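Given as structure tokens, the chain that follows is alone and in the form predicted on its own.
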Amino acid sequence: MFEWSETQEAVRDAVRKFVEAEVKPKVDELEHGDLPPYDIIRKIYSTFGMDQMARESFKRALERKVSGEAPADRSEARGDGGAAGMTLIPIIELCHYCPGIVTAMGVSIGLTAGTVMKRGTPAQMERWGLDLLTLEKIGAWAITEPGSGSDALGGMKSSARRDGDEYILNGNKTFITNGPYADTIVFYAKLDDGSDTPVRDRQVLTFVLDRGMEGLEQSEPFRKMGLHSSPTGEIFLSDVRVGRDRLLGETEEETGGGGRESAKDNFVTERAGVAAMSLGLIEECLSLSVAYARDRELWGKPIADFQLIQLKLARMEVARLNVQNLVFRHIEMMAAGKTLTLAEASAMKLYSAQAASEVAMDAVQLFGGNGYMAEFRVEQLARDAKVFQIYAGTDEIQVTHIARDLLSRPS
């Protein structure tokens, strides 16, 4: 695919009108932390029927799980990009104004609900899955810890100790999107079975927790450089007692509650999503910069007439085309029933995140002193873009995954 289909363009235009009417006027409130994003996200879902689609998708997934059928073949989305394109279009459009909303939405639905739906038993899917998919409940995906950073699995110290038929959970998670407001939390912890196995090598288990459980504390939102519309915080667990019914899959086997493969699957989803977010931000920076270059005059002529300004605009357009092509490739793969490898997702994320950050900073420079002022908007987009190079794995981690894949191939 080299361009959006007519159907996709119609959906894009409808989403764009909604964003301009419902999100754009609230950007200042979202930026100042006065307005959590969740009611806006719910309105997106209800306006475009996404809540009803989620209910239908949930029903099919539950029926497959109960009957023992394999998960739905991605080839069901064949055609012009099908479901994959429709999923990414709102992400791109929202990132013209408010990338943080996408982060909050993606973590609640894509990561939290997605993990429950992939790894949970039918009873667990019914208990938590539908409410998360329809945004009746807000979800958080808790894996990162203060001392682990990019070494999320190896450096994890949160523990799950068996106590009869139950587990006692302890640990501290940080940089948790939706953490302050989450109703449901997918929590990763190392199994403490009393053996001499080094902590790094211990089995990772996945649990589902609910707000208000005894021993569970959720912090106030952090103050951050950017992405202010995405609440971020810490989660503290002190002797939280849970039954096996909260262990995803109700088994310690990797196919059930095992956390390592679950986390890796989600890393691929996250990294592909960052490319779509980058595309939306790049499109907006380019649009704002072209308009400004035409209107702003120096020495009696528009700054668009100066070659250094033209160079900046040209570089932005090259980045836009490259990132758009990566997004289109991802849509085509999904429509063909194929998934990105971790290395492919890392390469897609690495380039897109760097391109978004560079384009946003070029936009600030093109605007000059005005670019440093909040009212001209490129200042916010530049702050928001930087996190693309940090979350879902830093640039350095992406390089490592790409290189390891290359070096593992037969010579």
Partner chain sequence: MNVVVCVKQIPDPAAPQALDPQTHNLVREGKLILDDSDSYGVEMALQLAEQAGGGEVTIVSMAPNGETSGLRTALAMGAAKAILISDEALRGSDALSTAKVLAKAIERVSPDLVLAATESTDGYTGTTPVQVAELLGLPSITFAKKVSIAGGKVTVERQTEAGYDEVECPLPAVVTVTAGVVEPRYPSFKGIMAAKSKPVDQLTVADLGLEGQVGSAGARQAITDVADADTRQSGEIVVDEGDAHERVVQFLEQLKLV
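Residue numbers count along the first chain shown, from 1. All of these numbers come straight from a predicted model, not from anything done at the bench.
Although it is not shown, the form predicted in complex with its partner chain is what the next lines describe.
With a 4.5 Å cutoff on heavy atoms, residue 399 does not count as touching its partner chain in the predicted bound form; it lies far away. Its partner chain in the predicted bound form comes within 4.5 Å of no heavy atom belonging to residue 365. Although the partner is absent here, residue 90 is a contact residue: one of its heavy atoms lies within 4.5 angstroms of its partner chain in the predicted bound form. Using a 4.5 Å cutoff between non-hydrogen atoms, residue 18 counts as a contact of its partner chain in the predicted bound form. Stretch 50-58 is the contacting one of 381-389, 50-58, 341-349, 367-375, since its residues have non-hydrogen atoms within 4.5 Å of its partner chain in the predicted bound form.
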